[in-house]
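To begin, one chain is listed below as structure tokens, in the form predicted on its own.
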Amino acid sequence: MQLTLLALILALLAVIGFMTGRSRAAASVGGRVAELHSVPSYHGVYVALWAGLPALLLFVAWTASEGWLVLQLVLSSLPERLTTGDGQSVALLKADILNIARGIATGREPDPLVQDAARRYAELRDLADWSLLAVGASLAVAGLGWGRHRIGPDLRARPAVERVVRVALVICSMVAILTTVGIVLSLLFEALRFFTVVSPLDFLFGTHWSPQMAMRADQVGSSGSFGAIPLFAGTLLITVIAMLVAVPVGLMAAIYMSEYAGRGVRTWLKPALEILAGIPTVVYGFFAALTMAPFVRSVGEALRLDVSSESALAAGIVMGVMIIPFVSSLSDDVINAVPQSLRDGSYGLGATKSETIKQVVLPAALPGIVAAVMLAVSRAIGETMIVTMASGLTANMTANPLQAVTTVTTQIATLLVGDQEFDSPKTLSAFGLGLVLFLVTLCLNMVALRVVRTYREKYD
């Protein structure tokens, strides 16, 4: 409640600062706006920034450190017998304090000292929130007054506002970059832990995948095999099937919509295709498991073929249908972006419409089409639900699309579901799979970028 109230106060003071700053700037020159260094709206934004930005920075800093500081104060007041121990016991103590303070049952009778610590933690957090509200509101009022005091004809409000906006844009850019770096580092560190237990050669070139580990010394049949070749083969097989469905259909649909379809047909056909992109993947999974898989099996039996009840073909076909909008929509936009002058020049040389499309339009649009296909490939590689429901979890190393296979993403989801021990090779293998998948996707994107640059230089 206190934080919500502080946010409302900051928003209100920012609006007041904008309105008063703009009117004060105009009044400082008697309404002759031309005599101001910056237009009145920049003065209003300048005052609003002074009213909201310092308090906002305080809010961010305090929110990031408040929980840790309060918890350290609470732990310092506890007896040493509770706080001195191994890292696991201290972590359990912290978790109990936080859970009790939030009203979450711990599943066991807590120590009275821990209950008192949780009560003190809740009281200190409440006191800290009220203090933040008071200090933040006071800082916002002071900033509002200071900003209004600075308003004058010679105030360079526009450069100051633009500097703040530039810093905000840089911070937003850094968030995306740091998020990517964090993902890579988290994958890398956990994968290195996995590769200290399992040889990278056995992982990358092994042909048997069975990550179950023995829980007891006398347990048989769960020694753990981490050969990932069957997973890579299954991923490649389903991706190829999906691309064989999505790329021709999506590209032909894009050519029809951009070159042949009338305006009336295009207005309903393109949204109808794009609806497919909004259907949840679990719905596609139901369709693949309940409709496509039995259909593929019945057709195979009619042809006297041995078809598994869960097959790569059923999952690949449905995945291809799901990916069609990615290819068709992006390719349509790229084809429409080809200059009409190229078409007119081709027609002027006597080429037919189909010849113009094959010899002029598609080569000129090739960079965008390659980008659309690579996006579709990345989407297919990362799909999990359809494969889980229609192709199963069996790690078979086969090129037969009528057999059950599994993919890298499906195994990652399976390995990380439920309560898992993150010290076991079984769970850590998910990070090894994720790192390999990341590197493969990165290489595909680099190849696509090279192709795009080559053909873009040719047709620009």
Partner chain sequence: MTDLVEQDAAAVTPSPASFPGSHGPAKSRVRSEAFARRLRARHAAERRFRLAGAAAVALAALMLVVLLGSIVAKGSTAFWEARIRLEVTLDPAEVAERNYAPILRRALHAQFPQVTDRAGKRVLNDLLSSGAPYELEAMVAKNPALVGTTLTVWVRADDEIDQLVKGRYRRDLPESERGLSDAKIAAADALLASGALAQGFNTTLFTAGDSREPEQAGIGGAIVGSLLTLLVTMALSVPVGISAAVYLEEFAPKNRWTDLIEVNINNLAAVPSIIFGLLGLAVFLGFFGMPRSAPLVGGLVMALMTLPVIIISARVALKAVPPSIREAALGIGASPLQTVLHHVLPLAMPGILTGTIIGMARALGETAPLLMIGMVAFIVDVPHGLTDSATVLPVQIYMWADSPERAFTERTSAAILILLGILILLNGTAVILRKIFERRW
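Positions refer to the first chain, counted from 1. We call the rigid core whatever largest set of C-alpha positions still superposes within 1.5 Å between the two forms. All values reported here derive from a predicted model rather than from experimental measurement.
What comes next is about the form predicted together with its partner chain, which is not displayed.
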Margin query: On the criterion of a non-hydrogen atom at 4.5 angstroms or closer, are Gly182, Ala272 and Phe286 all touching its partner chain in the predicted complex?
Written below: yes
Next item on the list: Answer yes if any heavy atom of Leu416 is within 4.5 Å of a heavy atom of its partner chain in the predicted complex; otherwise answer no.
Entry: yes
Note to self: Please tell me whether any heavy atom belonging to Trp130 falls inside 4.5 Å of a heavy atom of its partner chain, as the geometry stands in the predicted complex.
What the structure shows: no
Item checked: Contact flag, Arg102 vs its partner chain in the predicted complex, heavy atom cut 4.5 Å -> yes
Next item on the list: May I ask you to check whether Asp126 falls inside a 4.5 Å heavy atom distance of its partner chain in the predicted complex?
Entry: no
Notebook entry, point to check: Given that its partner chain is left out here, which of Ser186, Ser138, Ser225, Ser298 has a heavy atom within 4.5 Å of it in the predicted complex?
Noted result: Ser186
Check: Since exactly one of Leu56, Leu402, Met397, Ile412 fits, which has a heavy atom within 4.5 Å of its partner chain in the predicted complex?
Finding: Ile412
Item checked: Partner-facing stretch of 202 to 210, 140 to 148, 344 to 352, 233 to 241, counted where any non-hydrogen atom is within 4.5 angstroms of its partner chain in the predicted complex -> 344 to 352
Notebook entry, point to check: Looking at its partner chain in the predicted complex, which residues in 285 to 305 have at least one heavy atom within 4.5 Å of it?
Noted result: Phe286, Phe287, Leu290, Thr291, Met292
Margin query: So that I can tell if Phe326 moves, could you say whether its C-alpha shifts by at least 2 Å between this form and the one not shown after the core superposition?
Written below: no
Notebook entry, point to check: With both forms fit on the core, has Ala302 moved 2 Å or more by CA between this form and the one not shown?
Noted result: no
Next item on the list: Could you tell me whether the Cα atom of Ala95 shifts by at least 2 Å between this form and the one not shown after core superposition?
Entry: yes
